[in-house]
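In the form predicted on its own, a lone chain appears below as structure tokens.
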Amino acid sequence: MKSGQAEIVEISKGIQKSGLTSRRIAILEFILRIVAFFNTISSAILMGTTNETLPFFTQFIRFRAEYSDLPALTFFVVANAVVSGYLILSLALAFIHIVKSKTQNSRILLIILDVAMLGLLTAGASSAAAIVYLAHNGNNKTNWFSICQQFNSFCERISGSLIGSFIGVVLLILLILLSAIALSRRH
């Protein structure tokens, strides 16, 4: 009889340990969602407020560089804004995962939506990376000159915005992995 009770105690301790691990994963997921939100929203704001004007010979003729001049950078701002909106809305489900332990369906939904947002954010960041590369290096074969020697502040801001967005991509990958780990621990 004592061996049966010992087995029950060991099983209950294993369940409690598994529940504690799931809760830790859920808390880490919640924190990563907050950090990813701040990365994506700051990238969108930084890119959206980027512009620089340079005088040319006189004050009446000026060259201006804005993010909205290039559709790839506009797509970057929209993609980061959409993903940050999703991340702030997904915090409610992430909080439910902390409170409740049996949330398999909502975890599957979050994985699917996280993958979709990862695709959107990667597309936006990659398209902007191509433009940033051209802005820094140009392309001699097509006579596109690098503009970063003249528009230094513009290039620094769009490069910084791009770094924040790629950090958001890495955080979304981590979120997907954490959700998959949490699901696999339940079965």
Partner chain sequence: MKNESTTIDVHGESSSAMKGKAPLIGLATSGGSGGYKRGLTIFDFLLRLAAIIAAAVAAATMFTSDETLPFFTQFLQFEAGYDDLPTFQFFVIAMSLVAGYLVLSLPFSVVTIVRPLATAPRLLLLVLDTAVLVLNVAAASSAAAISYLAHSGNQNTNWLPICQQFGDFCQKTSGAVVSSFISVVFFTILIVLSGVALKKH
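Values in this document were obtained by computation on a predicted structure and should not be read as measured data. Numbering follows the first chain given and starts at 1.
Heads up, the form predicted together with its partner chain isn't pictured, but that's what we're talking about next.
Participant: Would Leu118 count as a contact of its partner chain in the model of the complex, using a 4.5 angstroms cut-off between non-hydrogen atoms?
Facilitator: Output for Leu118 is yes: heavy atoms within 4.5 Å of its partner chain.
Participant: Would you check, heavy atoms only and a 4.5 Å threshold, whether Ile176 touches its partner chain in the model of the complex?
Facilitator: Looking in the model of the complex, residue contacts with its partner chain include Ile176, since a heavy atom lies within 4.5 Å.
Participant: Just checking whether Asn51 would be counted as a contact of its partner chain in the model of the complex - the rule being heavy atoms within 4.5 angstroms.
Facilitator: Taking the distances in the model of the complex, the answer for Asn51 is no, it never comes within 4.5 Å of its partner chain.
Participant: Considering only heavy atoms, tell me if Ser126 and its partner chain come within 4.5 Å of each other in the model of the complex.
Facilitator: So Ser126 counts as contacting its partner chain.
Participant: Which of 155-163, 22-30, 35-43, 126-134 has heavy atoms within 4.5 Å of its partner chain in the model of the complex?
Facilitator: Single hit among the candidates: 126-134.
Participant: Would you mind checking 132-148 for residues with a heavy atom within 4.5 Å of its partner chain in the model of the complex?
Facilitator: Contacting residues: Tyr133, Leu134, Ala135, Asn139, Lys141, Thr142, Asn143, Trp144, Phe145, Ile147.
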